[in-house]
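A lone chain, given as structure tokens: the form predicted on its own.
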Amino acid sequence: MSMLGMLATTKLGEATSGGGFWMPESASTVAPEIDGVFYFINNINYFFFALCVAILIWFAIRYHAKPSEHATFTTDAPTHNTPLELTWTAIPLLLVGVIFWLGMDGFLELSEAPDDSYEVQVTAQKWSWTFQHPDFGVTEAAELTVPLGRPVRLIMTSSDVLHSLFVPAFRVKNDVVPGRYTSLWFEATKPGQYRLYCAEYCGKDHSKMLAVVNVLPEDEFQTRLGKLAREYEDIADQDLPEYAMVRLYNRCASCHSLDGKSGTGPSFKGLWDRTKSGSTVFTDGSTLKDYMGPGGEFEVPENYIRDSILNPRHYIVQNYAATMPTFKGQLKERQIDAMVLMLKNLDRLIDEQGNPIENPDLSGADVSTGAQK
């Protein structure tokens, strides 16, 4: 065990395993070690704070003089004390050296993932997280499923600006940088759900860039990912709109509302009606109607929805910026069909306030995509 690990097993770090006043719940193999260093530094601060306050009080009492008394000064008073100066220099230097060594030891341990780590590819974008599982061919959004008691390595990149992935319960955080790959790893020790945050300010909806980490025992993990790998293939056409609302809309929620309110992107409420009528206006002043109809770029309105998902910067809606990333390669064909059907049947899926309806009635729903693929 490393020095950092031994420190965490002392009484100083024992109280950190279940969380406490200063730290959240500990749920990874590295968390107790990191907590041990934190409490080690904190206790040093407590000790010296108490020492300085005690000396201050003692000096105030010992050398207190009444207003009527006049202080006398002698020319032979000491100007310095070499042993004292060496002491107050050597002790802080030693403590800082120990803190640096403990921190570096932990940093090196966190920098190199075990060879048998389960790998997940992470894409950050304003303002959502996408997690791809190459071993299963599964893509998750705003939700990451990982196995219990097995090292997990996240290979991360950003499609727009600088982000930072942070899971407090695992005590791991690293920047996610556009144009390059970064990584971090962890091994979860407790099953359950844990919050994942973006810890780098990335724009207007930075505070909404959240995700959940689901930690499952190995057998449940295998079952869960296996089901996700084929779930959209086994769903009946009639159920695709609800599937898109439950499983896919969370990728869109940070930019596209369901209640008609404008966000980073246009609201999904009423979007299908605007698309059918061709009333959508683009930044160049043209309208969607100019590109619709036989011989047009979008012979049927479904094709415009499809193009907006795969090539979102082709036509930019007026009063909005070209900030939406492409979902090409992230969504399978049937999932794209599900998104189209969700928008076509949105009035069956949400109430008047824009809240998703539980167990919506989709009898008689329009399940024809009409799209040219």
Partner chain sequence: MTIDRPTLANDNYLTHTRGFLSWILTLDHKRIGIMYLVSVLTCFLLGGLFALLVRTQLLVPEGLIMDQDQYNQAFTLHGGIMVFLVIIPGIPAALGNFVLPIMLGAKDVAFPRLNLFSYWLWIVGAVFLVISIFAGLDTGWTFYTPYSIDDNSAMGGVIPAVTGAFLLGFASIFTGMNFIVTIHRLRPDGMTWFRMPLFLWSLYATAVIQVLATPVLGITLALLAVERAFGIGIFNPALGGDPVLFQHFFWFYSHPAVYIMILPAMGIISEVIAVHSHRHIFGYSFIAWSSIAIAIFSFLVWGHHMFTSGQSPLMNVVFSFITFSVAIPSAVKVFNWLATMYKGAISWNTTMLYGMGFIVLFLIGGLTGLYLGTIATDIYLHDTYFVVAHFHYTMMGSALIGFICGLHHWWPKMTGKMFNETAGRTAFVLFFIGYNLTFFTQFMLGSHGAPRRYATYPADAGFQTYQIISTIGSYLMAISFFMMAAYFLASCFGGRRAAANPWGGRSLEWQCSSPPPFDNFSEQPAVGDCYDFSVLRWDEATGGYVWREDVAHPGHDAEEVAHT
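Residue numbers count along the first chain shown, from 1. Just so it is clear, the model here is predicted, and its values are computed rather than measured. Rigid core here is just the name for the largest C-alpha set that superposes within 1.5 Å across the two forms.
Keep in mind that the form predicted in complex with the partner chain is not shown, yet the notes after this line are about it.
Looking at Y197, F221, F136, Y243, which is the one with a non-hydrogen atom within 4.5 Å of the partner chain in the predicted bound form? Looking at the other structure, the residue within range turns out to be Y197.
Within 4.5 Å, heavy atoms only, which of D259, E231, D237, E85 is in contact with the partner chain in the predicted bound form? Of the listed residues, the single hit is E85.
If the criterion is a non-hydrogen atom within 4.5 angstroms, does every one of A141, L271 and G296 touch the partner chain in the predicted bound form? No, none of A141, L271 and G296 comes within 4.5 Å of the partner chain in the predicted bound form.
Residue-level question: is P360 within 4.5 Å of the partner chain in the predicted bound form, judged on heavy atoms? Answer no; every heavy atom of P360 is more than 4.5 Å from the partner chain in the predicted bound form.
Though only this chain appears here, would D76 touch the partner chain in the predicted bound form if you measure heavy atom gaps against 4.5 Å? Answer yes; at least one heavy atom of D76 falls within 4.5 Å of the partner chain in the predicted bound form.
If you check in the predicted bound form, is R171 within 4.5 Å of the partner chain, heavy atoms only? Contact with the partner chain, yes.
Could you confirm whether I34 comes within 4.5 Å of the partner chain in the predicted bound form, counting heavy atoms only? Taking the distances in the predicted bound form, the answer for I34 is yes, it comes within 4.5 Å of the partner chain.
Contact stretch among 244-252, 147-155, 162-170, 212-220 - heavy atom within 4.5 Å of the partner chain in the predicted bound form: Answer to the contact question: 162-170.
Within 4.5 Å of the partner chain in the predicted bound form, counting any non-hydrogen atom, which residues from 31-58 show up? Heavy-atom contacts within 4.5 Å come from I34, V37, F38, I41, N42, N45, F48, F49, C52, V53, I55, L56.
Taking the rigid core as the reference frame, tell me whether N81 has a CA displacement of 2 angstroms or more between the shown form and the other one. Yes; N81 is a residue whose C-alpha shifts (by 2 Å or more) between the shown form and the other one when the cores are overlaid.
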